[in-house]
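A single chain comes next, written as structure tokens; it is the form predicted alone.
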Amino acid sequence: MPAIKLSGNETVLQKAAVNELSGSLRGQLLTRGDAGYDDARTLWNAMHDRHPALIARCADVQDVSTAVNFAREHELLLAVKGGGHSFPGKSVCEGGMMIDLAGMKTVRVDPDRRRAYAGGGALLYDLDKASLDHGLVTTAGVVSHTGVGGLTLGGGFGRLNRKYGLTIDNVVSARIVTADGKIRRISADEDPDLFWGIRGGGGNFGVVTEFEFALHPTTRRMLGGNIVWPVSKARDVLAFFAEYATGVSDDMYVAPFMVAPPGTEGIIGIDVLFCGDPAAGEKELAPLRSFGQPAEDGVTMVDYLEYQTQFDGAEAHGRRNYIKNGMVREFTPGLIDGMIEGFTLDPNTSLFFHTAGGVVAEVGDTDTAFPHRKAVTMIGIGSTWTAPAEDKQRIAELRRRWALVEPHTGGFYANLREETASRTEKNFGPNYDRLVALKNAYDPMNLFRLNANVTPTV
């Protein structure tokens, strides 16, 4: 069987070795033409249509260890798929091996200890629902069919991050298979350096097959919704928001967005969620709701689990996606100018924010591998379409828009951006040398390279 090595060179896998691997797995080993192969290799972002030589659909952590050992021994290019939401397509590869964790998506909750244990293939909806069923919650992202693993390893923004920190700030321990095939339980007390590295360092160090999350008491009913103004008021709204957002409590999440729904001249909106006492939220939100005569005020009591799915349709599987993002330390007039100058009436392109601050900023830049603790928000521009023939034009147009706001950013959120090795190194900032040391210790051959890659130096 032809395959691709880590070096990019071709190799041939012997049938006996492949059969032995297949027989040693509790899950399935799929090759091209097998039932389920195309489903397993398909990602959320339809721009990435790649065909691994082998797909190990792992049933348990031992399967993952077996697959990692096989990939290492045969020096195969290796991809790891959790939820398949990797925007740059890192969770599938051409001609190598894919480890698919879709069969390991169970989430179990210990309500007495306020802990959730999420398999490496779990989706955010699985985590939210299992936790909320016990009146508990942790920070999760805003598109519910995103994988827990990829979101967490890269940092994990979400509507509750001002109150409870990033997703990584709620990781208590993890079970990981490193490049040597060893199964490790890591935490602040066990392999603390590696535990530091997986919290923001991406998939550089192995396959995380289970996360243990701290949970927090909550109610499912929260104050939330969107406040919308015509885009002609964008400059005034954003200038007001820049000042307003500096004074909100940690219970309040407010994130602007700019879109042009069909038949409109465009809107500027603010996504709102208040996770504390609704009466306090109403009072805190009053200045924003009364500013500039909103065209629509949809803030009301919402079911948090349902609210977490509101963007699922817009971010549906099977569409082509291109995204740029950057971290923002200050909402400046120049940033606002760039947002407005670059706005177009394309209904398939949106400008969005993930608001930080609060508890996120209480953690030091070097306390975890995530280096952007002092950013007040992340700004992103994303575009979706269906026809491959539009790729070149769509990407060029988004890059043009991004060039207007990028000078007002510093660093980026690696989960939603692909960059060169030098820019990735710069993005990790003061944490890069420590990440390199970890890579040298746990993955010196760079088996796990399809990520925001830290290059080993040994």
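Remember, predicted model here, so these are calculated numbers, not experimental data. Numbering starts at 1 and follows the sequence shown.
What comes next is about the form predicted together with a small molecule, which is not displayed.
The closest heavy atom approach of Gly197 to the small molecule in the predicted bound form falls outside 4.5 Å. Under a 4.5 angstroms non-hydrogen atom cutoff, the small molecule in the predicted bound form lacks Asn431 among its neighbouring residues. Although the partner is absent here, Leu416 is a contact residue: one of its heavy atoms lies within 4.5 angstroms of the small molecule in the predicted bound form. Taking non-hydrogen atoms only, Ser86 approaches the small molecule to within 4.5 angstroms in the predicted bound form. Here the marked residues Trp44, Ser91 and Leu101 all reach the small molecule in the predicted bound form, each with a heavy atom within 4.5 angstroms. Checked against the small molecule in the predicted bound form, the candidates Leu151, Leu273, Ala179, Ala71 yield a single residue with a heavy atom inside 4.5 Å, and that residue is Leu151. For the residues His354, Lys324, Arg373, Lys163, the 4.5 Å heavy atom test against the small molecule in the predicted bound form is passed only by His354.
Contact annotation: the small molecule lies within 4.5 Å of heavy atoms from the stretch 198-206 in the predicted bound form, the single such stretch among 198-206, 125-133, 179-187, 288-296.
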